[in-house]
Ligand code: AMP
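We begin with a single chain expressed as structure tokens, specifically the form predicted on its own.
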Amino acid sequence: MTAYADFYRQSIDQPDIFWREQAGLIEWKTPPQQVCDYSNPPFAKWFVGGTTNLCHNAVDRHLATRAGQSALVAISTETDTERSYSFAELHAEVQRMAAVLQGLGVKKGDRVLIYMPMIAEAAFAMLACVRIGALHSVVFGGFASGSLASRIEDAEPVAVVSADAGSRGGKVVPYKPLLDEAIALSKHKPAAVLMINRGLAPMHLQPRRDHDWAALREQHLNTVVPCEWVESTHPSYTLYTSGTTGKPKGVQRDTGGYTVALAASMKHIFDAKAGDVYFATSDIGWVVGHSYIVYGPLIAGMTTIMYEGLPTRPDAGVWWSIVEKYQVTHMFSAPTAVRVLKKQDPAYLAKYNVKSLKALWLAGEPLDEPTAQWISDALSVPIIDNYWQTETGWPILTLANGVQQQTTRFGSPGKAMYGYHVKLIDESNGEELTAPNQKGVVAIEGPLPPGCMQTVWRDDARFVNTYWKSIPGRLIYSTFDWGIRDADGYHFILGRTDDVINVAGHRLGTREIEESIASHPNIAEVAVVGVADSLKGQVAMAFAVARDASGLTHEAARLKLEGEVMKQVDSQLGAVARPSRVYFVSVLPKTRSGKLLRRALQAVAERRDPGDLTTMEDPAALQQVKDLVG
């Protein structure tokens, strides 16, 4: 089969044949006896009876043929450090970390919470956990104590691995005081804390509980720690979804299905070859960092780059200098980051040779067409959007260019990926929408393919009730996103199902209005929210960052630009979609991972309490909005 349509069809119609073939991409200690056990929907067990190890597939199996190849490159523009580890060196460091964790009492099935900046030791810790059959739970470094405490309480880790501090934009963020406070707040007290001392912040070690990594590492310079072969269905990690209310949701991932899914995605989606170089600009605290900084590229025998720093420091050319220096072939970033770079001097892009790049993949937020066009023109490489979730672990919608080269359509994350039985559902009656360009909830018929969440950690009922029962009369997985599909199978995501605005009976997706506003030449970034209105039920309100804000100190200039934006929306979408106001801000409120805090914006615009803001990058951003809306 060469055509993607045939490839996809087999994955849906003959899943056992399809996934048995994909299982051959990884190494098993014991081959699977059954491809999929779906006897208890919606719980799927993949590659039942097989035993394998995630660390073996990411590191050990490459030692015979590429021990000397660079496996991990850790770059920090915050500390001006750069260190490359070959597969052999990575293998040794992971075994040292595994030996230290075992010495602290960590056993198969135990949890280890990792609260770390983007440094090599964070990857060592993740790989060491799966090597010995322990589950890691990575929490984004710098999370506030309350958020960290709730995750410690839920995961109940035996040990925590952390560092003295992270750094962002040259500003040191001490982690140890946050961690100490979180442990004090948590009902669960981890027995051991392993600290990596970077020399960035003072660090007080508590006797008997806290341990220094450097000292313990010295005791294990030549220690051999064999891989623990685990059942395919053995959990590999939990990862807490951001933006949850109440008790955080721990997405639980298996081992065999995840390893196969990542190996297949590297081949079929990213068209990656061993020896290629992968640079994902995310953080290991998020799912992209798990799948496409640490595990996916290493499973494929690639060199992976871990980057600590901003895309604009020391200047806006830093990412492209890395691409040139390391001959990066695959780059994965976020639309938010591209929009930041769009505001910088274009000379920085022209300064470096980026011809090694096969493509730039973007995910995390819908990619608007103007941003996609801008970066496409600037880099002269394919720009490939992709859409997925923490829950799925790998892309739901994108282009499988390793199977068949396909054309990007700006504004669309692409087609349904193999294994995902994607449907558009009418939320009012649960019926499938099959005609082109009908708007429905993006849903996935079970079983979810390998690599997706097994369940919510310790809460099967929440898994079923949250994800599988939101559409009337059907047991089907809801993404909680609106979408449409054109006649050629390309999908377009229109925003969260709870981000739809009902203006005088007209249902409008905030995504559509944002795209229209973003196409104005002086708009760099925009967020649109629905705000309660006594007359129309709701009205759209926009908050925008201007590319050139130099003239906007005067009210007349602001009103002029606001009028231009409204006129543009009128002409592109009609007067019904025109926002009631367009407010100009210097920065939009975002989480530390770069996601827009639309719900907080909406709450402030409606003069409500915005709720938990522990994930917010810059509190001043929301204050600016408060001052504008009064």
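Just so you know, these numbers come straight off a predicted model, no measurement behind them. We number the residues from 1 along the sequence you see.
Beyond the structure shown, there is the form predicted in complex with this ligand, which is absent from this document and is the topic of what follows.
Participant: I'd like to know if T241 sits close to this ligand in the model of the complex, meaning any non-hydrogen atom pair within 4.5 angstroms.
Facilitator: Yes, T241 is a contact residue.
Participant: Can any non-hydrogen atom of L357 be found within 4.5 angstroms of this ligand in the model of the complex?
Facilitator: No - in the model of the complex, heavy atoms of L357 and this ligand never come within 4.5 Å of each other.
Participant: Although this ligand is absent from this view, report whether W388 comes within 4.5 Å of it in the model of the complex, heavy atoms only.
Facilitator: It does: once this ligand is placed as it appears in the model of the complex, W388 has a heavy atom within 4.5 Å of it.
Participant: Decide whether A363 counts as a contact residue for this ligand in the model of the complex under a heavy atom distance cut-off of 4.5 Å.
Facilitator: A363: contacts this ligand in the model of the complex.
Participant: With this ligand left out of view, choose which of E512, E308, D110, D481 has a non-hydrogen atom within 4.5 angstroms of it in the model of the complex.
Facilitator: Contact with this ligand in the model of the complex is made by D481 alone.
Participant: Can you pick out, from R209, K343, K325, R496, the residue that has a heavy atom within 4.5 Å of this ligand in the model of the complex?
Facilitator: It is R496.
Participant: Just to confirm the contact call: exactly one of 378-386, 346-354, 294-302, 210-218 touches this ligand in the model of the complex at a 4.5 Å heavy atom cutoff, so which is it?
Facilitator: Stretch 378-386 is the one.
Participant: Could you list which residues of 286-314 come within 4.5 Å of this ligand in the model of the complex, counting heavy atoms only?
Facilitator: Only V287 sits within 4.5 Å of the partner.
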